[in-house]
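Below, in structure tokens: the form predicted on its own, a single chain.
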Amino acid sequence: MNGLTGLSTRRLLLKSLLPALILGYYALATRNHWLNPRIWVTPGQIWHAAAGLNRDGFLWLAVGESLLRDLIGFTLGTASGLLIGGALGLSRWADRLGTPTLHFLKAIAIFAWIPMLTMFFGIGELSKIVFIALSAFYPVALNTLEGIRSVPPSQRELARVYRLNPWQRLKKVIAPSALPSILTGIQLALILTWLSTVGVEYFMSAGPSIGGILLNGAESFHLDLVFIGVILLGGIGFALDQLAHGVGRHLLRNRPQTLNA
């Protein structure tokens, strides 16, 4: 146990080394005026601005609003991606009819949908949620489709030999084999939806939010607010990524065994 703890501590320190060096250099550069003090702010000024936002209750309100918006969009987009990707993978006719269209739509840059969404749904919350859901939909749908396609022919043949019904084939053959690809799509969707959440908040004003902090900082030329937004964006994104990898490893360790001859 002590050996594992020590190894984990060393890994954490190694991962923290580069950020610490960057922060140290930035603090030194701002303190010695190597960077223009009219533009660049010190770490102390960033901390003071963050403390002010926290004291006013705005900081956690902004984080909560962004996370809730991200969760709703991610859930809707992931569920839709699993359904559509599963249908395309399980049905030959659906694959022939729908997959070319899916690949065509995937090639459209996600932010190109903003004008159309605002035309149909306005600039309210619904547009933002649909945009975030779209960013989750494509990676989940495509990875689900590819995961089902990658099921080994030997497994499909065993399912026919055992005369499994459609539900049994899905549970015992398709799902265990396709799970790694599906989890990859979901993990990618989790990061993309977080980036899309803050992006759409920035481009479509969303009130208290991380994107709103970035927008306010840019418009008022307060670099301390911009840094706060960037740190929140990166820190929460990193935490979500680590959470997704941890859940993915757990699911893969405990996934059902595939059929054996």
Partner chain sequence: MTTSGTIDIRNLGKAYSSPQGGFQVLQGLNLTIRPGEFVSIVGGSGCGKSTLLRLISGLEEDYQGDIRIGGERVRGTSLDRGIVFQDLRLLPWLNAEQNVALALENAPLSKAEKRRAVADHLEMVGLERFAKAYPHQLSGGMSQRVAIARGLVNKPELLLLDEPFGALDALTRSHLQEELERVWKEEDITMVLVTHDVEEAVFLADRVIVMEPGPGRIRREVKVPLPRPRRRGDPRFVEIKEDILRDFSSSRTSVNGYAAAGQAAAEPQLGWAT
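Residue numbers count along the first chain shown, from 1. Computed from a prediction, not measured in an experiment: that's the story for all the values here.
Below: the form predicted in complex with its partner chain, not depicted.
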{"query": "Three-residue site S181, G185 and R249 fully in contact with its partner chain in the predicted complex at 4.5 Å by heavy atom", "finding": "no"}
{"query": "Its partner chain contact in the predicted complex: A79, any heavy atom under 4.5 Å", "finding": "no"}
{"query": "Contact label in the predicted complex: E146 to its partner chain, heavy atom within 4.5 Å", "finding": "no"}
{"query": "Contact flag, R160 vs its partner chain in the predicted complex, heavy atom cut 4.5 Å", "finding": "yes"}
{"query": "Distance check, L90 to its partner chain in the predicted complex, heavy atom within 4.5 Å", "finding": "no"}
{"query": "One stretch from 170-178, 71-79, 136-144, 185-193 that, in the predicted complex, holds residues within 4.5 Å of its partner chain by heavy atom", "finding": "170-178"}
